[in-house]
Every structure is written in structure tokens, then in C-alpha cells.
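A single chain, nothing else alongside it, follows as C-alpha cells in the form predicted on its own.
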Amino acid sequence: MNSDPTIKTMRDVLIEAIYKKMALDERVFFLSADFGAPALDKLRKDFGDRFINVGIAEQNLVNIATGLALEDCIVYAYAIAPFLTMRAYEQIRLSLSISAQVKPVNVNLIGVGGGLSYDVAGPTHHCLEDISLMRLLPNMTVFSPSDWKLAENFFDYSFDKKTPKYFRLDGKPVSLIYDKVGDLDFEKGFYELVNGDRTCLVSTGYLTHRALKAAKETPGVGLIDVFMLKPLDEKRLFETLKKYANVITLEEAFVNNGGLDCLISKILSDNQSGIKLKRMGVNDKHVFELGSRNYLHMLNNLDDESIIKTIKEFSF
């Protein structure tokens, strides 16, 4: 059991926030696709009338969540990220994306296991497509936190914002990044963690931890954490990026296929910017190799050494 209070799982922190709100507001429901968590036991016990385990049936999970939301309930639907986003994609599109254009639906899809966080489970459990898929849908908010504090702080926003949302949560405990950051503007969608001068790393999710380490070890390199992949204040992000000559994107996702890198490329193109762009992520192949997350990062040039090497080669 982890004894370090700065290292927590995003899902447990978020479930604890949901639990507290369920004690105050009977509109809040929690649905699970037969997926547990240490923090979920108490919620299931104390609010059994508003906890529904639909079984291993992610498509049904989305439809039941939508039905409750159309009756003005606030719903949190919880499942393993690749199965939630891909097995139930048609239901997400029809029941949430399309419905939300007609009537507000506050359904919060909690996908656990973004990127390569289920490392040893193999490509069936890796989730490298979800950023592109969920960003594609109109009326969908896509949230990709880098630490558990962001996940915790996002809860109030998710409760008040009556739109469908996708939470891309890491499957492993993560260390604290936002311990000394004040009020966050989720409408802005990003935060400049390190102020640099020539080269800027732009990351999302778990790779922000690697990017932060690389920025600290490479003087003059900045770092922007993009935690809201949709919607995002693109104008304000460009105002922050335009002081740099080079931008390197980092993500546990397929590159050149609609992810963070494509989002940043669009912003640079829309502003006719001459900033050079380098994309780091997983190339157009599934990861069949078995091993730790660090090992998988090394194979895909996402480890600390590869990031620092790329910074040095690309910046000059």
C-alpha cells in the first residue's frame, strides 16, 4: 500500500469527490461496467440506490447513463478506457454527442487506463486511439489530466457543466504536479508549468511527468500541460506558444492521427506561424511487446533519454 500522500490514483480521488456530492445531491448517479476501485466500495455501500453495475456491457452503460441524464440526473459512468470509448462508440455518438445538441445531458464518461498505463495487458488494453476518437465528436468535452489534483479539481466543473464529457484517466498512481498552482481555468484548458525561451514541450496526461523532468534537465525549455483537449482556448494557447521557435508535442497516443499533435499543428497553421513542430508519440502500429511502461516508452522513443535527445537535436 502506498504511504506517500503525494502519489494517488486519479480514479480514487475522483470517486471520493463524487461520493461527497452524492451525500448532498440525490440527482447524482454512479454507473459501472463491472469495474471496481478501492474508493468505490464505500460509495456502493452507502448509495446503493444510485449505484448501478450494468455488467461488462459498455454500450448499455452509455444508454442507461443518457436516459438518466435526460431526466435531469447528473451521471458518472465508469469503465476501462479502451472498452468504453471503442466498444460503445456508436452509443456515445448517438446517445450523447447527437442528443446534447438538442438537450443538455450531463454524462461524465470516466475512462481508466489511458495510453499505455495498462502496460503488461497488451494492445487489447492499451488506449492510444481515444484522444482522436473523442475529440472528433461534436458537443464532447475531452479532459486529460496529468495528475490526481487536476482530476479532483475538475469535479466541480464536471458537475456544473451540462455537456457530455470524457475523462481520460491514468490507470496507475501518479505523483503530484499541481501542488503549488492556484485556481485553474478549465475553460482555458492548459497551464504553462515551465516558462522557457526557445523550445517548448507541449504534453498531455502521463507524459507531462516525463516532459517536466526533461524541462528541468534542459535549461531554457518550456512546458505547457494541455489538460483540456476539447474545448480549448486556442487563441490564448497560441499567445503562449508564439514566443517559442520550436514546439515538441508528447502524448501516449498515435501521432499524425488527430491527437494532441494535430491539435497543436492546427493552431500553428491557423495563425500562419513559422514555429517548427516535432511530434512524439506512438507511430502507426500497435504495441505488442510486453514489459513495464518504462520499457514500452523506451521502445517508442518516449523515455527520458529519448525526449532529452530530441530536444537537443530539434532545438538547434
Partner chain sequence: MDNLFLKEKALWVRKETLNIHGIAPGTRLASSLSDVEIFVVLYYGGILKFDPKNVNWEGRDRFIISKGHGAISLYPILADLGFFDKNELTRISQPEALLGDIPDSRIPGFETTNGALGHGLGVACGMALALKKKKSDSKIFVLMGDGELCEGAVWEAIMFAGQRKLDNLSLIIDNNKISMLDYCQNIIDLEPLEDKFSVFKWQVKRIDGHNIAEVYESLKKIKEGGNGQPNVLIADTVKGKGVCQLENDVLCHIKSLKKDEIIEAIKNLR
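Numbering follows the first chain given and starts at 1. From a predicted model like this one, the values you see are computed outputs, not experimental measurements.
FYI, the form predicted together with the partner chain isn't displayed, but the following is about it.
Within this chain, residue 85 is remote from the site of the partner chain in the predicted bound form, having no heavy atom within 4.5 Å. Contact between residue 91 and the partner chain in the predicted bound form is found at the 4.5 Å heavy atom cutoff. A residue is said to contact a partner when one of its heavy atoms sits within 4.5 Å of a partner heavy atom; residue 71 meets this definition for the partner chain in the predicted bound form. Mapping the unseen interface onto this chain, residue 235 falls outside it, with no heavy atom inside 4.5 Å of the partner chain in the predicted bound form. Segments offered: 246-254, 25-33, 282-290, 260-268. Contacting the partner chain in the predicted bound form at heavy atom distances within 4.5 Å is 25-33. Among 117, 95, 106, 141, the residue placing a heavy atom within 4.5 Å of the partner chain in the predicted bound form is 95. Site residues 212, 218 and 221 are none of them in contact with the partner chain in the predicted bound form, judged by any heavy atom within 4.5 Å.
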